[in-house]
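The chain that follows stands alone, in the form predicted alone, written as structure tokens.
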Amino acid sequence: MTAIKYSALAIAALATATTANTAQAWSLEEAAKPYEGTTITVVGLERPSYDAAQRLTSQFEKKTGINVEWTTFPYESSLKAQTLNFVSRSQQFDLILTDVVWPVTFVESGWVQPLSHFTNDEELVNPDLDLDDFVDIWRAAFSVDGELYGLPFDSYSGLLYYNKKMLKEAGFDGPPETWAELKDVYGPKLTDRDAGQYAFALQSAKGETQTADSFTRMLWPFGARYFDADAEEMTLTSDAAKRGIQYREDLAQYMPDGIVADNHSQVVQAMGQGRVAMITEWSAFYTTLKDSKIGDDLGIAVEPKGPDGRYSAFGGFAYMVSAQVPEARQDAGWLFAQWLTSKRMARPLIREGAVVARESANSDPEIQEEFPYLEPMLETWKTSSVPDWRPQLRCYPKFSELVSDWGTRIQLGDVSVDEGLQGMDKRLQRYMDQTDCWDTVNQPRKYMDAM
């Protein structure tokens, strides 16, 4: 693993200290003068946050004279495209987009610069950068060996969306507090299969949706974890894991048939059409649901609590600067990432449909009134999730593929819960042992204590 240089907290303090004397003099226009006419390429996804960013990019270009070209991908192909860029040393991308499960891959390969590379340069760092304003869980998520590598952008939490009207008609004043309550109390009263009405839908399509949105969601609240990193042992045959995945199987009676084939768009559409009373989905889907026919009846809350507590889904992205491109492009890329993720841009981005990790913006009462998902999202980040909700390790893609394969088999009924978990545990253990994956496990929860 890369040697520890600075904690995320130390970086924030260092950025403040090194720029204190130039706080009045620094401006984006002046900082960008050496890079006027430089063109940088930024990786984006086909999602609302990046559409919002692209609509606002001209403001940066006008201020700086730096040209910004966006290259957008479907999520499913973004890692492969960026990895190919690095392996071939094509220097195609200047600003790299990392999911919360990819930092180790980029960092340990030496492909990206640590933030300290830029925050130590008083000519490049904005005195108002204020890294502490990023919610702790996000700074931890993009730290490797205590060093912060990414500026968070497109930042999600899992939320419970519910149809107020459907719940009220069934006799409920609000959403369930626990997963047990959702299944045992709300499920029977909100499900009418003959009428095509269901209490809940859990997106479970094979792939990362199965791994992250379906399988992992039922581990943490029930007290289960994927592995014990110190012992280098998988722990998916635990009683807690069996309880969580069995719960998922039992909950299926209150979900639409064929849920194992449904991705995010299908469950969001089903709720928007009034066929499903509740879903647990990412905060980024608020606008889609609010604009649907049930928009006036849309309610938002934190995800339900399990026997081991409330562990909501956690996911999102950050921008990292490529270490392979020339220094001028690195600096220009940093200036754009710093501007895009700044406190000043957070509110405009939210109003354009993006989700951001800035606490100052997400806690603003005026913004919260406009976007009611912000309050439960912020609560989730601060009290109800962990940064390594999905494992951070260099071989995550194959790890996820194995989880998805066995998780789908269980959900289809091809194997029992016990058989499926035993098969998954055995196959993952063999894979981790035969590679160097154990050596690359990053556990960002430990960094939060320093924040």
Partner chain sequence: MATSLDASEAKVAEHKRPDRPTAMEHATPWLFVLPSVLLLLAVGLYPIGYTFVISFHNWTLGQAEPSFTALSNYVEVLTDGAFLDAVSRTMLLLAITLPIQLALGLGIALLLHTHFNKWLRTILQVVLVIPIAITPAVLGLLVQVMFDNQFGIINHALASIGIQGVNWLGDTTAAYTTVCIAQIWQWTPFAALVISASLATVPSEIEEAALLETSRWWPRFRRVLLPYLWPGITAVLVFQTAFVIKQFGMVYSIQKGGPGSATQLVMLEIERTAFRGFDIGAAAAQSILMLVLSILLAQTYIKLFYREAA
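Numbering follows the first chain given and starts at 1. Because the structure is predicted, anything quoted here is derived from the model rather than measured.
Although it is not shown, the form predicted together with the partner chain is what the next lines describe.
Site residues H117, D121 and S360 are none of them in contact with the partner chain in the predicted complex, judged by any heavy atom within 4.5 Å. Note that among 81-89, 172-180, 305-313, 322-330, the stretch whose heavy atoms approach the partner chain to within 4.5 Å in the predicted complex is 81-89. Not displayed here, the partner chain is kept clear of D51 by more than 4.5 Å at the level of heavy atoms in the predicted complex. Interface residue remark: M234 is not counted as part of the site for the partner chain in the predicted complex, having no heavy atom within 4.5 Å. Within this chain, R390 is remote from the site of the partner chain in the predicted complex, having no heavy atom within 4.5 Å. The partner chain in the predicted complex comes within 4.5 Å of no heavy atom belonging to G65.
Though the partner chain is absent from this view, in the predicted complex it lies within 4.5 Å of a heavy atom of just one residue from R47, R55, K426, K398, which is K398. Only one of D296, E76, D184, D239 comes within 4.5 Å of the partner chain in the predicted complex through a heavy atom, and that residue is E76.
Contacts with the partner chain in the predicted complex, taken as any heavy atom within 4.5 Å, map within 174-212 to K206 alone.
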